[in-house]
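Next up is one chain by itself, shown in structure tokens, the form predicted on its own.
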């Protein structure tokens, strides 16, 4: 039953992505000041939002791991973190492509860009920590603590454009009833493509959870074999 839902979600994500790509490339007009390159935003922002939600899911799962010593929550934490890292990488790469055309450089030490990179490195360090600890109980506990504190970097990255006014543009979306700086049709497409990436992210987390379950079963069998030897 679970596999069927994965296929359903994957199919919906694929249909939405194909439809969204058609609208983005052929229906929506070029942006007045940036030209066609602005279309990067339809993947740049949704990837950022999706990564943030994955990190939030990892945070909640890590808290549950610490409070209840739940191996399932630990598995969800690592799965959500890995998927979040993938979407965060998409956000960084698309941002660099955008910057190369608009700013004339691939990278600048802008506050949000810098903190987005720091955030990515912290969560990559979380995965490295997991590989460095063999004992499952200690690995779950220590990595959960790091994951909880790592979420502070997500908050700083989100608020960076408000706390420091550097090169990165300010908010362009309509928030709390305020009109954003973007055309409503373009803004709507950002949310529509975010839905597609959310569905894809859910599929990736589910697949990664299955892999983690199998990996843990193999580790348990290996420990039993070593104990009997």
Partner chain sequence: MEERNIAFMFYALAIAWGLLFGYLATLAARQRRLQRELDNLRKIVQSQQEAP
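Residue numbers count along the first chain shown, from 1. Source: prediction; values computed, not measured.
FYI, the form predicted together with its partner chain isn't displayed, but the following is about it.
- Interface residue remark: residue 197 is counted as part of the site for its partner chain in the predicted bound form, having a heavy atom within 4.5 Å.
- Proximity of residue 123 to its partner chain in the predicted bound form: non-hydrogen atoms within 4.5 Å are absent; the residue sits far from the partner.
- Though the partner is left out of this view, residue 39 does reach within 4.5 Å of its partner chain in the predicted bound form, counting heavy atoms only.
- Although the partner is absent from this view, residue 23 stays clear of its partner chain in the predicted bound form, with no non-hydrogen atom inside 4.5 angstroms.
- Contact with its partner chain in the predicted bound form, defined as any heavy atom within 4.5 Å, is confined among 137-145, 90-98, 152-160, 69-77 to 90-98.
- Along 5-25, these residues reach a heavy atom to within 4.5 Å of its partner chain in the predicted bound form: 10, 17, 18, 21, 25.
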